Ligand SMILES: Cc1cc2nc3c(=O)[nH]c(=O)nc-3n(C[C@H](O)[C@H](O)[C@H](O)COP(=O)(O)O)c2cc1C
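Next up: a single chain in structure tokens, the form predicted alone.
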Amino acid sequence: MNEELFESISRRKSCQKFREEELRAEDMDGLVDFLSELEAPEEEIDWNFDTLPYLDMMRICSTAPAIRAPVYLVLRAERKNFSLQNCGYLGELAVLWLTSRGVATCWQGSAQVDPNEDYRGSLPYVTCIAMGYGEDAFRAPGEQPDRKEAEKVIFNRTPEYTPILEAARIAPSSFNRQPWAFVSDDRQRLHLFRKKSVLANPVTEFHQCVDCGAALAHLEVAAKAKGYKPEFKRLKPEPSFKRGLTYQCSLQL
């Protein structure tokens, strides 16, 4: 399964137009089974998910998703430190799994849910992902995503880690901001840092924390594909790198 997820990293891209076609039952059931078996990097944070068709999604939204799709994967988590990062990680693994099944996706960070209109007793809404079938929904072999140059986000001392860090570099992010820096050290550790948003905008920081979770998913999948047995760690004391960067998480290889 992980090999399929790794192959999906280079294939996935954001689908901008979905056909009005329901997802196959085997894809929906498979997604539920896949997500139900996942563990988040911060395991003590409670989370869950829903799959909602378009009309049900619109019923709870105060700000609608930017793209109409047959169904949305809704991610929820209790409000704790790193719950947003957890949801980004879980959601991107779902995206990679769906890509492997030929299901198109697009993160919908602009969608907002009014807690008063949400399902009673639900965990707080974090974000959602549009899902369905679409034309030109995947990246062609050799097609390169629009991302910052590696020299601007990857600071690597160990050449053998380059494929892992490159996989993280092409992770999706809100408005393609790519708010991260990846740093390797000489103790078989990869560190993820988040760039602080301009003027400490809370909405931007919210999305950037989700983005960092997606990058963690790519890091882990690529590390496993290269034969490592990675483990997430939050180091104490926290490593530092450059001014303007906030430490998020480390991956012990």
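Start at 1 and count along the sequence shown; that's the residue number. Since this is a predicted model, take the numbers as computed values, not measurements.
Below: the form predicted in complex with the ligand, not depicted.
Engineer: Using a 4.5 Å cut on heavy atoms, which of Lys80, Arg139, Arg101, Lys148 is close to the ligand in the predicted complex?
Structural biologist: Answer to the contact question: Arg139.
Engineer: Answer with one of Val210, Ala69, Val221, Leu190: the residue that has a non-hydrogen atom within 4.5 Å of the ligand in the predicted complex.
Structural biologist: Contact residue from the list: Val210.
Engineer: Indicate whether Gly109 is a 4.5 Å heavy atom neighbour of the ligand in the predicted complex.
Structural biologist: Output for Gly109 is yes: heavy atoms within 4.5 Å of the ligand.
Engineer: Please run the contact check for Gly134 against the ligand in the predicted complex: heavy atoms, 4.5 angstroms, yes or no?
Structural biologist: It does not: once the ligand is placed as it appears in the predicted complex, Gly134 has no heavy atom within 4.5 Å of it.
Engineer: Asn176 versus the ligand, in the predicted complex: is there a non-hydrogen atom within 4.5 Å?
Structural biologist: Heavy-atom contact with the ligand at 4.5 Å: present for Asn176.
Engineer: Can you pick the stretch from 72 to 80, 166 to 174, 115 to 123, 152 to 160 whose heavy atoms fall within 4.5 Å of the ligand in the predicted complex?
Structural biologist: Every other range fails; the passing one is 166 to 174.
Engineer: Just to make sure I understand: among 9 to 24, which residues lie within 4.5 Å of the ligand in the predicted complex, judging by heavy atoms?
Structural biologist: If the 4.5 Å heavy-atom criterion is applied to the ligand in the predicted complex, 9 to 24 yields Arg12, Lys13, Ser14, Gln16.
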